[in-house]
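Starting off, we have a lone chain in the form predicted on its own, written out as structure tokens.
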């Protein structure tokens, strides 16, 4: 059997939970293993309960597992909260100075050992050493990771951490563990990346040159990752005084001619909705990432959800065209960001790329090369492209609805734009003919936009039962389908990335071939399910919904669908 082990590290915010997880993740990566790491933390700097859960495998994985094989409990709360999740043969390393051990709990004085090594701050290194030792990892693997992490620090810092890791290893030496495995010694399978990192890299690959934001979890890390490249690229990342300012800065930058983006979450997106409308009426291309979290209002600031779909479809008053894209994997996120900027420029519309906390904050191995686009077409015209630049009309009527886009102050063509309805040349107008003409022109873009939309990805599309979802649930759905098929259920999957414009004909054809389909969504009302009903007339049989702020486990989905099938 292959390797498939889950480690959960829990404690209070401020105890270095993420550091332990990152050390384990880097050790797995360097050994040629695959992993999926999920962060769960409260919206506070100190205290509360946080954990990081890593699934380790010798094959690509795209979903967390519900079983915990090794629990690292750095406080009593973690022990009591998560001990029931530990599977048969699993163990708990508990930060305790009490002696003795039983079949489940192994007391290890993590904090005491850290103090001996040089300070309590190194408790996370002690825990990482104990954890890797239990899993059977060679000592050299952790040493290599520590040298990479602390090699640029003072020699004393590195030495103390090496000693702390060694004390963790020694504390569990000789302890039997059913789920230990033989660690491979091969080159890394790919890059260890977070969703936020990949989104930022995709924007850079698309030649994004300006980004403005106001900090809001879980979108902030996208901008933090972007800002790391300011010194290397012609890029400006601006922390604005608020979300309204941020989206208006992005619109201004795009109007001036550079590719521009912002990133926020639901509450910030609500504030940006008027700016979204301004981009719509001025036909200014922008890219907006909405990293969803539970609401309404502040809701659960550091948790995950897929509850903004209907809002994104209708944000800002009246009708105007937009794209909504929801990548389901890290590789897809990179390509989706490149496409988002291309589609925004080509059709002069806002493009919303929607993710969520789970997607942004998770770590995984990307084993597919993230390839740069072959070329960038800005779809911008200059004086040389016009017969008479003096007669230029920014909002000229065209068959496609897309007018020639020139940049202000770049030639003889006068570029005018306004948040009011306008004539073809951009002057404000309240004439009926101008209103109807411009409204029809903008809506006319949808015909071309519809042709850009990609069909949802399918797995076992001929299955009598299909599980349908969008965005970050793709990995969980695919794994749950494999479980169902192993249980004798003829199941398949339909996973959406391109949501709007909606691929009506293609989705109708897919659903016509199944007996029934189930929605899998992280919201309370099956928002995509009802959009499918609205656009195709097909109604889902049941919905598997989760809206507690935590991501799905594949087993949860499979169990629910199997139960529905047994009573159908």
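Bear in mind the structure is a predicted one, so any value in this text is a computation, not a measurement. Residue numbers count along the first chain shown, from 1.
Heads up, the form predicted together with another copy of the chain isn't pictured, but that's what we're talking about next.
Contact with another copy of the chain in the predicted complex, defined as any heavy atom within 4.5 Å, is confined among 453-461, 311-319, 339-347, 87-95 to 311-319.
For the three marked residues, 267, 296 and 436, a heavy atom of each sits within 4.5 Å of another copy of the chain in the predicted complex. Only one of 80, 182, 400, 420 comes within 4.5 Å of another copy of the chain in the predicted complex through a heavy atom, and that residue is 420. Scanning 167, 354, 133, 302 against another copy of the chain in the predicted complex with a 4.5 Å heavy atom cut-off leaves one residue, 302. Another copy of the chain in the predicted complex is approached by residue 523, whose closest heavy atom lies within 4.5 angstroms of it. In the predicted complex, another copy of the chain sits within 4.5 Å of a heavy atom of residue 274. The shortest heavy atom separation between residue 30 and another copy of the chain in the predicted complex exceeds 4.5 Å. Within this chain, residue 534 lines the site of another copy of the chain in the predicted complex, having a heavy atom no more than 4.5 Å away.
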